[in-house]
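Before any questions on binding or motion, here is one chain by itself as structure tokens, the form predicted alone.
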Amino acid sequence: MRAVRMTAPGVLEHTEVPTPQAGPGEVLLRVGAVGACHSDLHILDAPAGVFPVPMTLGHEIAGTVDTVGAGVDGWSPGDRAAVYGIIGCGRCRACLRGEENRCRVIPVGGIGLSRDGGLAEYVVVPASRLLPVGDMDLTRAAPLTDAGLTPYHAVELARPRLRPGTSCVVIGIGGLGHMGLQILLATTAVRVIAVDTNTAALELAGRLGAHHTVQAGPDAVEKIRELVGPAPDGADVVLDFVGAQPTLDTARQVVATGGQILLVGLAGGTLPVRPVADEPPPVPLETGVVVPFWGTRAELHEVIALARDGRLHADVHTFPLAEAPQAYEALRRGEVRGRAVIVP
């Protein structure tokens, strides 16, 4: 079968590999769509030894069951499913609570991370990783598994502060940010302020229902402050889907005392957190800082329910499997609005 594999750190190649076979407890899935994620770029850019090679990338997967292995119940050929990509140890306290994204044995493991992923015609996955998507377009279903799940999990972590009438600043209206914005609007009664450098992204945010849009830049903090009020008041929650130094600086300067900053993006910025009496403080007093990671299977079930009810949809731009490397280069250059989705 055709596959796009990381054959060495930083090297992504088209290859021909044998079609895998489903073992006991596993399912062979015919891939219908796979999202291209910034996390894949971090995998490609990681030093040798961090991730296995060769490995087929792709952890945002939706497809159709082709064959089932011994002992698999509840799934039959032709069933359509999304893949929950995390594979925890299944034995630690976190996994036993259903929080495999917090596994205390396997730090970062899963489909497309520590074993072959979905940038291929077929992928083998444990049957326990599948969730039904019904007749949903698979190009819309695939991004739900990360671009939908990760912001949903972040919103869940912040939900105690997302009370009716509060304010949430969403920084970065890209693959995850445009989904997070919709999740906020669908599940809360907060005022949403969208921030991005790109006018097209802000226009998308406006179409999706953001109450205010602010262009990132030297005067962004001042404009946000006009909306949320002066310190020590401010935004009750800031969701940073970029994680670069300028966005983190914006986040800490607009969050309220006692608010919460959630660092979802992986752009390498640093947030200074220290208990000092400086004015203004590096981070306001009583402010929580959380680094969310993916989400739980139960949360993915809820994300799919939102999508099937028409309250959540990915703005997708599709690429054929033959153009997967070009899709990642476009992603690296910041040319993809919404989510890039690769179709085998």
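Given the structure is predicted, the values throughout are model-derived calculations rather than measurements. The first residue of the shown sequence is 1; numbering continues from there.
This protein has a second form, the form predicted in complex with a small molecule, left out of what is shown; the following refers to that one.
With the partner omitted here, the stretch from 305-313, 271-279, 44-52, 30-38 that lies within 4.5 Å of the small molecule by heavy atoms in the predicted bound form is 30-38. Taking the partner from elsewhere, residue 262 is found to have every heavy atom lying beyond 4.5 Å of the small molecule in the predicted bound form. Interface membership of residue 292, defined by any non-hydrogen atom within 4.5 Å of the small molecule in the predicted bound form, is confirmed. When the small molecule is considered in the predicted bound form, residue 5 lies well away from it, no heavy atom lying within 4.5 Å. Under a 4.5 angstroms non-hydrogen atom cutoff, the small molecule in the predicted bound form has residue 174 among its neighbouring residues. Proximity to the small molecule in the predicted bound form, taken as a non-hydrogen atom within 4.5 angstroms, holds for one residue of 236, 116, 100, 196, which is 196. Proximity to the small molecule in the predicted bound form, taken as a non-hydrogen atom within 4.5 angstroms, holds for one residue of 133, 228, 155, 216, which is 216.
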